[in-house]
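Taken one at a time, structure 1 and structure 2 that follow are two forms of one protein chain, written as structure tokens.
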Structure 1
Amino acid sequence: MASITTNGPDHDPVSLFETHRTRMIRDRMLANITLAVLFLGFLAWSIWISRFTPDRLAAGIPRIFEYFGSVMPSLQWDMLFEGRSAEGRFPAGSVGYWYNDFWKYLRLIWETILMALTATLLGTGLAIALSFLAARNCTPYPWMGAAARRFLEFCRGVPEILFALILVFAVGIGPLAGVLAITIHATGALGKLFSEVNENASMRPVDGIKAVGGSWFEQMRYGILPQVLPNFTSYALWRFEINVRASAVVGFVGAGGIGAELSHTISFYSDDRVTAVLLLVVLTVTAIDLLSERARHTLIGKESLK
């Protein structure tokens, strides 16, 4: 001990530790304060730019409640399941009155789901094809890989509804524009995920197929595809959930599905029709989420058993 303390009070281990500790605490505090200042500065700038001031918010909130009050259905217990009257109308206060256009909504929701399904199938097919070109370990030529990755980035970067806007102009109003728009965006999103899965696949089977004289297509088909197919399926199911949501809104710009009805109802009426459509959309989206989640879990469960 003596030999240590002879170094003087500045150098004994305890005080060294103490100075080191204070310096570390000071450094960390400095970093935290800088971060807090940056954060608050960015917040202030954001509030100013987005004009999200308390007075505007205060003025807006009562109007929000007013609006939501006006779109709530006025259901009455005793009338709830009342049928059509002699003139063929539902009495006010019944579910039938609230959902007067039920069959029209249902037809549009059906169209929405079909749009999402077709777009998911097409997008998955294209994404699989492109993912083999885009994956660094699979691509036959590096320049082709780089080009495929840029293309996928572009497809993924532009939102569906923007593609829909442009396609509606090109091919006209209707679900075709929506299907194409969602297909393009889904191709980009899935293509990136798929190519990452490919990059994580083992190259040994590919070497094996190469050594038997297999072409590039055969190397991918037998060397990579069996390894990645379960992941692809799971991602595609998950994408289907997202595409259902997307196909419910591309109608805002005229690209088919329930979106046009939704947009029209919200823009032109402020009565119970708004909640009628919205509720139906929420129920559909939630139900499809649940189904697809269950399918994915059984898929993963089956995989882990093997």
Structure 2
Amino acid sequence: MASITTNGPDHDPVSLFETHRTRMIRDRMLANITLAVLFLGFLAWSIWISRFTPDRLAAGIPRIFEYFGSVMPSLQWDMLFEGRSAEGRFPAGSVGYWYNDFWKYLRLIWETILMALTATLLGTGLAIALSFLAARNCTPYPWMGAAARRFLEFCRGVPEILFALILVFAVGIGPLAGVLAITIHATGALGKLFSEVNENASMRPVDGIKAVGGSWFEQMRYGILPQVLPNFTSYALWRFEINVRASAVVGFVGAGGIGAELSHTISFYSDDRVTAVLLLVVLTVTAIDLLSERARHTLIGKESLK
């Protein structure tokens, strides 16, 4: 009986490897070209839809400077630090005249910070609870994990200002609507981040607790939480920065904070009061961002040394 040879070119291991390698390179190149064409096509489509053209930019950018030029304060060096007159008013051209409502602005900025702090605390607590249900390696039931993930997607998918519009109608004008709106959105955003941190945690402590009869809550509390708590804290501080900015924005629809005063000055005035409020908002947000960033870096640095 004739023997079957396997040493031909069709069965040579080197030839098979080179053929397979060539096919993989060709398929990858074809996939990259297809993705590049799709990307360029969608990019051109988005430019056409948004009318992102050089002539519109050239015509619009100068108007931005025109607007800020119209709301810049009319300060005068000879009047810059003048005090109140006998009638109790600051003279035009002085810093006091520019910031005549300074203490009102300061009170509203403090209200904005408290709104952001309250929303961050509430959102972080809800996000921690939901993150253990949403994480695929932690959820007790698959259907519960899917429901938690869909809920978090809804919370972060709707902008804070839209939640604020609905809640202003429900609970009335004021900080409560803003706090609730930001809490809902922060819960969705932090819940996603926290669940991803949970999925990267080691399951060995969980298996040990489970082996000695620990409940699901005890597995999460003593097996997962100690591992992920530093990251949770870092993300919560980062979210606080975002919530401060969001608190200023939701005020435009009557949800409290300095945003309401900024909306009022933009809508009813075209003078230096807009710049006065905007400058305080920018300085406040910048200061909180720097402090929060430093706190995050300090926390991460300490944990990395352990």
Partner chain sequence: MSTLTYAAISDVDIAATRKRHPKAFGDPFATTLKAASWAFIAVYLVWSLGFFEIGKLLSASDRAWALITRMVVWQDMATWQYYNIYKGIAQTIAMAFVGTLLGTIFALGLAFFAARNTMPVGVIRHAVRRMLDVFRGIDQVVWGLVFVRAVGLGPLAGVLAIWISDMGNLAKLYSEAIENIDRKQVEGVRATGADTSRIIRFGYLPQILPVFISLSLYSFESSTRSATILGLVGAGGIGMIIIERFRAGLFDQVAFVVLNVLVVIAVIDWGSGLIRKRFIGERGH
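By convention here, residues take numbers in order along the sequence of structure 1, the first being 1. Only the largest set of C-alpha atoms that superpose within 1.5 Å between the two forms is called the rigid core. Predicted model only: the values in this text are computed from it and were never measured.
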Practice task
Report the structure number, 1 or 2, for the form predicted together with its partner chain.
Solution key: 1
Practice task
Inspect the rigid-core superposition and answer whether the C-alpha of S263 shifts by 2 angstroms or more between structures 1 and 2.
Solution key: no
Exercise for the section: Superpose on the rigid core, then tell me if the C-alpha of L279 is displaced by 2 angstroms or more between structures 1 and 2. Expected result: no
Exercise for the section: Would you tell me if E18 moves between structures 1 and 2 by 2 Å or more at its C-alpha, with the rigid core held superposed? Expected result: yes
Problem - Distance moved by the R63 C-alpha between structures 1 and 2 (core-aligned, Å) - result: 4.5
Problem - Core-fitted comparison between structures 1 and 2 - CA shift at L30, Å - result: 11.4
